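Shown here is one chain on its own, the form predicted alone, set out as structure tokens.
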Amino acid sequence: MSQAATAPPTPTRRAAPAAQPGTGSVATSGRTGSAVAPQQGQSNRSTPRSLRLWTLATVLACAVFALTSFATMWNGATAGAQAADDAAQLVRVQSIRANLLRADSLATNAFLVGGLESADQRSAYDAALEETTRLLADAAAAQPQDRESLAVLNQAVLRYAADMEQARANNRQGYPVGAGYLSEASAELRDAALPILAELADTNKQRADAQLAANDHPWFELVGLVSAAVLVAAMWWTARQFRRVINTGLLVASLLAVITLVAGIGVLAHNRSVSDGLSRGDLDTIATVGAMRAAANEAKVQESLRLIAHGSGQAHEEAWQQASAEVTDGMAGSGGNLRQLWQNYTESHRKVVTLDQDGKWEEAVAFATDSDPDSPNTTFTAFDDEARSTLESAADDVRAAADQLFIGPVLMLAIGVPALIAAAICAAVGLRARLREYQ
């Protein structure tokens, strides 16, 4: 008897129990429910990406701050040195102008005594021209931008010296033609040489002021604040994300950035103060006293020309008054010693004028060419020497201040920039430690 194959019974599938209200999805067979898995996977993917972005942001912030620090401090260090060089060039230009006018006043004064020119006067004239020649060479070597103007100036000085030598030679021999050469030399000096010197003085003063203003921009402070803010924000984000208050790498990076920022602000504030003091102090003194010294020598020339005119020197007296007013105006920023010395010379000049107006021309000439303590030559030389000393002292102060402008930025270059590089490394290491937790 055959038996029919009987199919095995189909197992009955039991329905899953309904979820209780308020419990959400439940785990089955020990696995997380389908509603939870996507949320956790999304978190696992977004956190490492955020860590990489924060790493990039902090490293870039430190790198940009380091580059800004380098550029700012390097510019500050070189600007101080360049300002000192421009100030020294300004002193040279002012000295050239004063020496030329000094030589002119000595030569003009010698015309009053004809062939009896003293050896001291001749020696002083030669020394003034020799110093002018030396200063022209030094100025051309020190400042390439001035070489073209200095070359034109040198030609004007050579023409002046040649004409004046002809004038002095004819005067020593008693030839009236010497006066013609004197007028030609004087015109060459005032029409060709002095305008160039005035322009060079203004140009170098402007250059020095521009260099001293090199630390006025706020880029260092702005970039530093942004960089510090990025590091602090990264530290705050990691503290919230990982439930840890301190990330050592970010903390060290933030401290290095803040310390560099504070130190740099201090250096720049000091440099700005020194630069402002130089611009309003010694540099202004160089420009003012230099112009004052040149005007004083011009006044001395006009004094001699008045007597050479012999009775018709009113125009030269007016020119003397104008030059004297320039000297007096410049006294506002000068010490009392210069003021007193100029007053001494002014009183001597008044005596010359009084003698000339009273018809005592010979006595006026004798007094104007004398070497007595109260004579115009002696009192003027005292003023001129003091003005020269003031210029040299101001130039020394500028050089000393330039050293101060140099030291701070150099220290920031040596310490601050490496500190910011270290900050970038610390920030990357600190965030990398958190990133490893996902690998």
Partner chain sequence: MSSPRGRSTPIQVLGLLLVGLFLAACAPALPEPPPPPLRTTPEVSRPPVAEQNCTNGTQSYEPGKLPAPDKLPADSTMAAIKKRGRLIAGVSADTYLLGARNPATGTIEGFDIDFVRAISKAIFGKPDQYELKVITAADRIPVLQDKEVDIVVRAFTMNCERWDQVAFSSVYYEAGQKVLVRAGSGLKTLADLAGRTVCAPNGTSSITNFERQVPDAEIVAAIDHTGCLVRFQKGEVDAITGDDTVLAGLAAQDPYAEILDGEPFSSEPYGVGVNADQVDLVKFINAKLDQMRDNGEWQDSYDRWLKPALGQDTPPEAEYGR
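Since the structure is predicted, the reported quantities are computational estimates derived from the model, not experimental observations. Residue numbers count along the first chain shown, from 1.
Quick note: we don't show the form predicted in complex with its partner chain, though the next part is all about it.
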Problem set entry | Interface residue in the model of the complex among 233, 274, 263, 223, criterion: non-hydrogen atom within 4.5 angstroms of its partner chain | 223
Seminar exercise, completed: Checking 111, 237, 367, 125 against its partner chain in the model of the complex, the residue with a non-hydrogen atom inside 4.5 angstroms turns out to be 111
For this session: Choose one stretch from 302-310, 280-288, 265-273, 130-138: the one whose residues place a heavy atom within 4.5 angstroms of its partner chain in the model of the complex.
Result: 302-310
Exercise. Is residue 350 close enough to its partner chain in the model of the complex to count, meaning some heavy atom within 4.5 Å?
Worked result: no
Exercise. Within a 4.5 Å heavy atom cut-off, is residue 203 in contact with its partner chain in the model of the complex?
Worked result: yes
Exercise. Even though its partner chain is not shown here, does residue 68 get within 4.5 Å of it in the model of the complex, heavy atoms only?
Worked result: yes
Exercise. Hey, in the model of the complex, does residue 317 get a heavy atom within 4.5 angstroms of its partner chain?
Worked result: no
For this session: Any residue of 349-380 with a heavy atom within 4.5 Å of its partner chain in the model of the complex counts; write them all down in order.
Result: 356, 357, 358, 359, 361
